[in-house]
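Next up: just one chain, as structure tokens, the form predicted alone.
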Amino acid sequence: MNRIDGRKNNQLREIFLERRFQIHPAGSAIIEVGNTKVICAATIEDKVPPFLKGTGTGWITAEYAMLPGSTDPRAVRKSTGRAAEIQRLIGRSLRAVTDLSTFGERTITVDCDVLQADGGTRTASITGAFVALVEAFTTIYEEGKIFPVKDFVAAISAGFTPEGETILDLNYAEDSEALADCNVVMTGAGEFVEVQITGEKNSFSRADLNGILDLAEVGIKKLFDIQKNALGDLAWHVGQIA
């Protein structure tokens, strides 16, 4: 099939990922996936939620927002159920590859603010947030100790077109027309953190699901390379043990 932007079915959009985008947070990144653009900023605070006080264990959480000019019509500045769902997903994804017992009673908050939306904002947020998180941890890491981040994590979307073809990394127009769409979060070890799939206009078979997961895995492996390139000399920290 001919995709709207001329990509092959298994092709990612053009991706730009750069760390240290902001000077104030401990870690930050900007990620551009086609026309979708997200700023991710990781802040460290010397406190934890009440349920972790006295445990010596840290916490990672996330906040997600669509800035007013990110969509047409204007996105309203308010908390929504969708935003709450996405920020919980981002937090879960980052905690899945982090040893929370290694950095004391600190909280890392990763803010993901969408500057421009054209599909895939949650998956772009996870992929960019990981880079910001790693950079943040390098500011408090003590050499010779376990680095808190154990593995890479990234996310991508995939879906079925009205013609029944499987495509990777859907933009907004493709997502709107998809018979089914899926968001996949995976670790560098090839394990799934989360799979969110919905038959928007059609049901799907087990074989369909296997095909979409295989395609997503291909895309996520490419995202790991992009993350490593963005981290540069910080990438070696990931998985570092004492």
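All figures in this text were calculated on a predicted structure; none of them were measured in a lab. Start at 1 with the first residue shown and count on from there.
The next section is about a form of this same protein that is not shown, the form predicted together with a further copy of the same chain.
By the criterion of a heavy atom within 4.5 Å, residue 85 is counted among the residues contacting a further copy of the same chain in the predicted bound form.
Proximity of residue 161 to a further copy of the same chain in the predicted bound form: non-hydrogen atoms within 4.5 Å are absent; the residue sits far from the partner.
In the predicted bound form, none of the heavy atoms of residue 177 sits within 4.5 Å of a heavy atom of a further copy of the same chain. Within 4.5 Å of some heavy atom of a further copy of the same chain in the predicted bound form lies at least one heavy atom of residue 113.
Taken together, 96, 194 and 204 are fully in contact with a further copy of the same chain in the predicted bound form: each brings a heavy atom within 4.5 Å.
Although a further copy of the same chain is not shown here, in the predicted bound form the stretch 13 to 28 places heavy atoms of 21, 22, 23, 24, 25 within 4.5 Å of it, in sequence order.
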